[in-house]
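Coming up is one lone chain in structure tokens, specifically the form predicted on its own.
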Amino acid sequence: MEDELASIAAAAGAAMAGARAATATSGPGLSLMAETISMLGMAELGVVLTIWARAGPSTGLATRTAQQDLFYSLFIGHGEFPKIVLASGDIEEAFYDAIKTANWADKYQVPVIHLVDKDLSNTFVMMPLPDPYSVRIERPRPVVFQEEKNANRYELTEDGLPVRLLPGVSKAVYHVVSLEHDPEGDPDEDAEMVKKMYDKRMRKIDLMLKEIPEEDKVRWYGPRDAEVAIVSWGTTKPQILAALEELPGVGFLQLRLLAPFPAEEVKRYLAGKKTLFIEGNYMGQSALLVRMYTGIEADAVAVKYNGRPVTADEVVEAFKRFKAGEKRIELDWDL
């Protein structure tokens, strides 16, 4: 489309019509999509948005990488509504995650943000040929009405998932709206109905945490009984794995599903361990996220925010400085 406003709106319309819908952006383009992402949450439409994050703010370093858009991806949009945010750590993960996120958008009928970054978009790798039997396309079947009648598109279901009705394959009459509504889709501001519809949408969070496999929530590398865990997300993964070869006895917890946040799994892996968070932003956003949902305070945070990716050597350096007692470690090898 001609711009990000039109792109996300066209994707919303495609999802409404029953197509698998996805679009992509980076930098300020994400800001232009915020209003329609909120509309997707209210209308319960599944669209995948891939964010190739680069360094900001504003146009920032337009051709450089960063992990600065984590918080914005998690909390984009006005109001509260379920969404999925999944971060890929390398090219092979990104390939399979593109399929998983499309499945989840269709099934749970929520906006799904596939979070990657500029460094990954510029990367060329050799990866194993995908096994066609391991790639599953999962789509819920629409409900079909043979006679023309009103239908409850937003029925108050126990699991929170709305009835899937598609134009052209059913004679059902229903509304898709951005206003709060009753089960049929008619605008409704009755206090009791508002709470029922709100609760129904938010029930998807528990369902997604229950059904999404643990390997898509977090992944652990290294000895399970490690005393120290490096914690990170996204495309620091290959560099951290390379650094672990020089750091025997150290584990690595890769955060994959960032919304809804898998607090129980994270607490289980980090229980009793010292933690070193490493990421490409100034604030140490994933450390703040883990503390918010689990109460676990980072023992140290290593950050890099000059538009260059974290290197394996920097991971080793960060660990040495962490062992020496530093709490905030700024990595700047490319200066």
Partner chain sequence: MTVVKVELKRTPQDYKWTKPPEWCPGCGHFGILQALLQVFAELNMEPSRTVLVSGIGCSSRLPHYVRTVSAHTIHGRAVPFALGLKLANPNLEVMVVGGDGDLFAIGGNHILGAGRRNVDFTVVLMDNAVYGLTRGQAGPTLPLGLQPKALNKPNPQADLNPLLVALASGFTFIARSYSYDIRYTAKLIKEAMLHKGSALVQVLSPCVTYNNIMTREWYEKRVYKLEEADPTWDPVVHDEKEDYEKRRRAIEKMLEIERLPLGIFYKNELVPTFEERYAQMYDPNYLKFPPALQPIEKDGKSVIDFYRLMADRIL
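Numbering follows the first chain given and starts at 1. Note that the structure is predicted; figures quoted are calculated from it, not measured.
We do not show the form predicted in complex with the partner chain, though everything after this point is about it.
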query	finding
Check all three, L45, V135 and P167, heavy atom within 4.5 Å of the partner chain in the model of the complex	yes
The unique member of V110, L120, A94, A172 whose heavy atoms fall within 4.5 Å of the partner chain in the model of the complex	A172
4.5 Å heavy atom contact, Q239 and the partner chain in the model of the complex	no
4.5 angstroms heavy atom contact with the partner chain in the model of the complex for L179	yes
4.5 Å heavy atom contact, N150 and the partner chain in the model of the complex	yes
Contact of R321 with the partner chain in the model of the complex (heavy atom, 4.5 Å)	no
Stretch from 58-66, 306-314, 265-273, 28-36 whose residues place a heavy atom within 4.5 Å of the partner chain in the model of the complex	28-36
Residues of 1-36 having any heavy atom within 4.5 Å of the partner chain in the model of the complex, listed in sequence order	M1, E2, D3, L5, A6, A9, A10, A12, G13, A14, M16, A17, G18, A19, R20, E35, T36
